[in-house]
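Just one chain is shown here, as structure tokens, and it is the form predicted on its own.
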Amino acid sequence: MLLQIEDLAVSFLSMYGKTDVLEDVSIDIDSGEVIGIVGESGSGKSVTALSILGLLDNNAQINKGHINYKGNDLLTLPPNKLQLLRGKEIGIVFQEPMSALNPTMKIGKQISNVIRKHRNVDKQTGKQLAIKALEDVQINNPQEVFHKYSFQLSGGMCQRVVIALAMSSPPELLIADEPTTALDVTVQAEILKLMKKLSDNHQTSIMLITHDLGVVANTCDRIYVMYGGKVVENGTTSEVLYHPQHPYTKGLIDSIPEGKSKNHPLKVLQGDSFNPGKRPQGCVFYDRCNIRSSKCLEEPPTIEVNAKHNVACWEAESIAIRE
């Protein structure tokens, strides 16, 4: 196992008190595997990712849990040792490529600085490897782009540069946080295909964070569905998408417009998005669930549907979910 998150709980402190944002989150990823973490905004996807690299805000508090990377708990690792892992063994692609790049520094210098730091090479070698990294992400005229600033590039080009930065070591684990959100559909497909190719070439594991089930269907080996700071369902991509056992997962799938006709309107999840300040008693999805029962006032355990599928729901066997 390359990375194993066990029972992670995170809260944020503010003038209004403490707000729990993650509760008992457990996620694992093997070498060379691509997993998807899906869920609506506020479900805890990005907080989970930032916890791995120790990049949470100062008001964040980790209440319990372990993040084991190659046998070392990252939560107890000294800051200087964790810093050595960032970029070298664990890379990250942020959601907004323009804000992830320094607008006052040329693209080539940003990449070559990272390469020189992690590979311990001289300036000339760093430049050559930086140009090679730009070639690897299929940027035309990499020598020209090397001397440009981020504001001179399109959003798709900037995202390729960010991926080149993240893959320049190359890392053993790449965390991609909504890497295609700001891009048009054509560029999205190109970026995802590129990331998968880089993963295959370097045996890099990928943790892909997204709200787009179409993306994970074409990219990921396994899926973790998060809601309200908890993992409510996980399993192989085919199991979760074709045999959803949690009402939230089924609601996400039913809301996909593809294949729907005007005579079959989209289904919607009732109620408001999850409010971490008003966490319900028992099941985290209780307030919005259409098949809830009195049992759901107690927190459901995570049960094994089969060897490739787990769900946290008292009503997992309900016919209403399977319809």
Partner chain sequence: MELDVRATHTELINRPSQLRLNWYRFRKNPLTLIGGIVLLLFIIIAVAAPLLTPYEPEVINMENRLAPPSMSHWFGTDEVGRDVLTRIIYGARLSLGMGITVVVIAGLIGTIIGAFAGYMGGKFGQIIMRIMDVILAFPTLVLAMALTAALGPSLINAMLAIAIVKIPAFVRLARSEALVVREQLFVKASKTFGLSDIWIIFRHIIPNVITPVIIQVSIDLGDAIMLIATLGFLGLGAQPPIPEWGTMVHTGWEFFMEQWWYATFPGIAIFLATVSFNLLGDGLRDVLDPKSIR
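The shown structure was predicted, so the numbers you read here are calculated from the model rather than taken from an experiment. Residue numbers count along the first chain shown, from 1.
Just so it is clear, the following notes concern the form predicted together with the partner chain, a form of the same protein that is not shown.
Is Met15 part of the interface with the partner chain in the predicted complex - any heavy atom within 4.5 Å?
Yes, Met15 is a contact residue.
Even though the partner isn't displayed, in the predicted complex is Gly271 close enough to the partner chain, meaning a heavy atom within 4.5 Å?
Taking the distances in the predicted complex, the answer for Gly271 is yes, it comes within 4.5 Å of the partner chain.
Quick check on Lys267: any heavy atom within 4.5 Å of the partner chain in the predicted complex?
Lys267: yes, in contact with the partner chain in the predicted complex.
Quick one: which of 26 to 34, 271 to 279, 50 to 58, 66 to 74 gets within 4.5 Å of the partner chain in the predicted complex, going by heavy atoms?
One stretch meets the cut-off, namely 271 to 279.
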